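Shown next as structure tokens: one chain only, the form predicted on its own.
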């Protein structure tokens, strides 16, 4: 196995993590109302299992998974179902959602504790992960039990936990590793057992020395588990970059997946959710969210119930500061700008970034590509973003596939360095929406 600690190309944006990196996680106030989308994951939307007027308890199933690639959803508070309808989703789409008004009792259904959790079989572990509605918490939100069930012809020999958290500003994973390292290691051990491997790695960028120390201490004496400090470079936390950095293996282009090189990658937050589901029977109803940026008065790391509105979270952080100009769900490189703050936190929401005027870079008036080649120099996938953007801009969508459009995972490195301020990622998304792989 070739040992490296980074990948080719990439960029070095200022990380601005000092705003929240030292802030311990606090519990957000219990919301009075939650809006829980039935689609918070890649795959088929969940099917509502409650009706308007039903009384529900915390952890109760409110949406079942109708297909293999799907994930159930659960009530994050106790109270009454007051609406089941289409509501605005952080992606900008309207999504069927269950609205629950709190009874302020926060009563939950009984959970099943399994102290001897490592004695469970691989199939039992995957079933508990599925039933808990766990998806990738790094942002992709792919159903975890599906990711842990590769085709029989794909041999998996390594599991990698992603603790890189390379997105600027975000510190949710950082705080999690500092505050709950042993639970994350237990989650890694369960994931390793679920896919039948004996080698596990935890990749963490070197700008989080306290997290590296905590994870090393928590994994002491655990056979086959190693913590790997990584070079600080964006997008170090992307699956393919992480695999290259830690194992030296390259995921093939043209639709290749980590399983093609024997790897499964999971976020450290997902590992914690796996442990809590298998050990305590806890469904995924909350997550850590970094609320940050110089446009919010009190940046924090908050444990937030799924379905809490972004407007309420910002209010809990002192409100918008003078000069706040833009709110993003996620980080500045891969997040989605929000035009309405009455959207809910979903399972994939790692951060709420409020940019001030000084942090905001407008792309409203971009100019023509000047063929400088900077985007090609930094693209971690070795693509030609300039040609993809030019063809997409001209509506020649099918031709973008000649430049491996679908190998782009929209990290935004090209847009970061573009002197013409071209909205490269938006051009990529437009082309993907107008054509199909193959």
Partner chain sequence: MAEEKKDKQLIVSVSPHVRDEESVSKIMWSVNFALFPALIASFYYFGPRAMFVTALCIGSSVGFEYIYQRSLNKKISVHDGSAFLTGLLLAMNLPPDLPFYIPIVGSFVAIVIVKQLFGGLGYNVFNPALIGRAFLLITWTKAMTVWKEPTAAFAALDAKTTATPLGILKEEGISKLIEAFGTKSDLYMSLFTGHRAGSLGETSVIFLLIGALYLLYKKYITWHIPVSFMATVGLLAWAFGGKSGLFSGDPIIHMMSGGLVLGAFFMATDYVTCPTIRKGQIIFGIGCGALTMLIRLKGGYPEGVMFAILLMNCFAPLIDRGVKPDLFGAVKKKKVMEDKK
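Residue numbers count along the first chain shown, from 1. Since the model is a prediction, treat every value here as computed from it, not as a measurement. The term rigid core refers to the maximal set of C-alpha atoms that superpose within 1.5 Å between the two forms.
Absent from the display: the form predicted together with the partner chain. The rest refers to it.
The stretch in contact with the partner chain in the predicted bound form, judged by heavy atoms within 4.5 Å, is 378-386, chosen from 59-67, 23-31, 36-44, 378-386. Comment: the partner chain is not present in this chain, but in the predicted bound form one of 84, 341, 197, 257 has a heavy atom within 4.5 Å of it, namely 341. In terms of contact with the partner chain in the predicted bound form, the residue from 246, 313, 185, 148 that brings a heavy atom within 4.5 Å is 246. Using a 4.5 angstroms threshold between heavy atoms, residue 9 counts as touching the partner chain in the predicted bound form. Not displayed here, the partner chain is kept clear of residue 282 by more than 4.5 Å at the level of heavy atoms in the predicted bound form. Residue 48 falls outside the set of residues with a heavy atom inside 4.5 Å of the partner chain in the predicted bound form. In the predicted bound form, the partner chain lies within 4.5 Å of some heavy atom of residue 407.
Candidate site formed by 250, 361 and 365: every one of these residues places a non-hydrogen atom within 4.5 angstroms of the partner chain in the predicted bound form. Annotation for 60-90: no interface residues with the partner chain in the predicted bound form [heavy atom within 4.5 Å]. Superposed on the core, the two forms barely differ at residue 54: its CA moves less than 2 Å between the shown form and the other one.
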